[in-house]
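Here we start with a single chain on its own, the form predicted alone, put down as structure tokens.
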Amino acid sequence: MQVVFGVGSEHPDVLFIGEAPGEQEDAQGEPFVGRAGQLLDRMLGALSWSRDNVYIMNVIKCRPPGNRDPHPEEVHACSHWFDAQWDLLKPRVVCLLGRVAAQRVLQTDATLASLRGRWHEYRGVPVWVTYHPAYLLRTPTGKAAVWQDLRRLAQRCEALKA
């Protein structure tokens, strides 16, 4: 097992946050490199973005046993690393990928469905919530909704640059 911090621009306009490294991420030391990561790369490419001009990280930095959802004590144990990354990156906009990331960052137990489709804020930064790419691999019918989410995210980024 190894620590998986993140990858991308040191000064990103957009910070993407998932839940935890999976098996392939643990092996390679980089977030979102498996099938879900390949889908995320294609999604970024559709917006003319890449790993070079965004930053991708997870709420926790080590793979939970059996690839299960992180326990609250694991999220708490990694919180200082999460906070330090946030402070160093200073993102303009954040996109939370999936329920675990959304609940951790927004400090809520609300459902993902109730968090999607509206802007939130964390530490003064606009936050958008969408489905995790792994969900889309299991439920391809969700791709249209995520495409709409990503287009709204891109619009907000452009508005902040203006």
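No experiment lies behind these values; they were computed from the predicted model shown. Throughout, we count residues from 1 along the sequence that is shown.
The next section is about a form of this same protein that is not shown, the form predicted together with uracil.
Interface residue remark: Asn58 is counted as part of the site for uracil in the model of the complex, having a heavy atom within 4.5 Å. Uracil in the model of the complex is approached by Glu19, whose closest heavy atom lies within 4.5 angstroms of it. Taking non-hydrogen atoms only, Arg104 never approaches uracil to within 4.5 angstroms in the model of the complex. Uracil in the model of the complex is approached by Glu25, whose closest heavy atom lies within 4.5 angstroms of it.
Contact with uracil in the model of the complex, defined as any heavy atom within 4.5 Å, is confined among 28 to 36, 121 to 129, 104 to 112, 41 to 49 to 28 to 36.
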